[in-house]
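The form predicted on its own is given below as one chain in structure tokens.
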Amino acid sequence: MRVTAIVLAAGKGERFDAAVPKLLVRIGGKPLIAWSLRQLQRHRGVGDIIVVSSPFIAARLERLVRASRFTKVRSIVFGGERRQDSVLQGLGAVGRESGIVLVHDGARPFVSHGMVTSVLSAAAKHGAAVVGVPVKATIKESKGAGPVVKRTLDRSRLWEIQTPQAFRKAVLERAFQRFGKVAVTDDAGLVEKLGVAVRIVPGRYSNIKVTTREDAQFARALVREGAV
């Protein structure tokens, strides 16, 4: 089945607090978003790429795509108010010939070839799959305005979910049709509401999402140390 990757670059980056748009901040000599675009460009399993952008950086992304020869990028579309609205905009640009949709955050620069391969394979077989890593910290559920601890969750059953996430296109479309107005924090959240089992495939702790300036410094350190 043909695979289309949707790369999200429409976030406002309000927590990043920098003069340069977050997706264009340089990490190891390259704009942040270029890292994941390069990995998807090189992956033989990915047929084409849709970039979902904010109007403010779309022209600069177009220049980056041309200069870097990211030939798999078939279009750049504008995102919506929420993350899931942006995914829906990207989904609308996916061609009929694609049977699998892979969604990835442009702010996760260190996605690996193996992660993409694994999540695509699991999605093709089971319908839906996400990349994740076991939670290392102790997680407590709170209550009240204080707040105070309600209970300690069983860490052995908890996963930190990352991107990429991959789905059969028909499954993701059906999830948006039925539950698209429900606020969720990732696309798998909508698919779960359909009753579709979402498989977890191993990610890496280095597959960080750059949200703050401190995250960017950490990403640069990983590059310097050759950890990615």
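All values derive from a computational prediction rather than experimental measurement. All residue numbers are counted from 1 along the displayed sequence.
Although it is not shown, the form predicted in complex with a small molecule is what the next lines describe.
Chemist: Can you pick the one in V73, A107, V130, L102 that has a heavy atom within 4.5 Å of the small molecule in the predicted bound form?
Modeler: None of the other options qualify; the answer is A107.
Chemist: Of G92, G114, P134, G80, which residue is found within 4.5 angstroms of the small molecule in the predicted bound form when only non-hydrogen atoms are counted?
Modeler: Filtering the options by heavy-atom distance leaves G80.
Chemist: Okay, which stretch from 137-145, 82-90, 151-159, 115-123 lines the small molecule in the predicted bound form, with non-hydrogen atoms inside 4.5 Å?
Modeler: Only one stretch qualifies here: 82-90.
Chemist: In the predicted bound form, does L8 come within 4.5 Å of the small molecule, counting heavy atoms only?
Modeler: Looking in the predicted bound form, residue contacts with the small molecule include L8, since a heavy atom lies within 4.5 Å.
Chemist: Is there any non-hydrogen atom of K209 lying within 4.5 Å of the small molecule in the predicted bound form?
Modeler: Yes.
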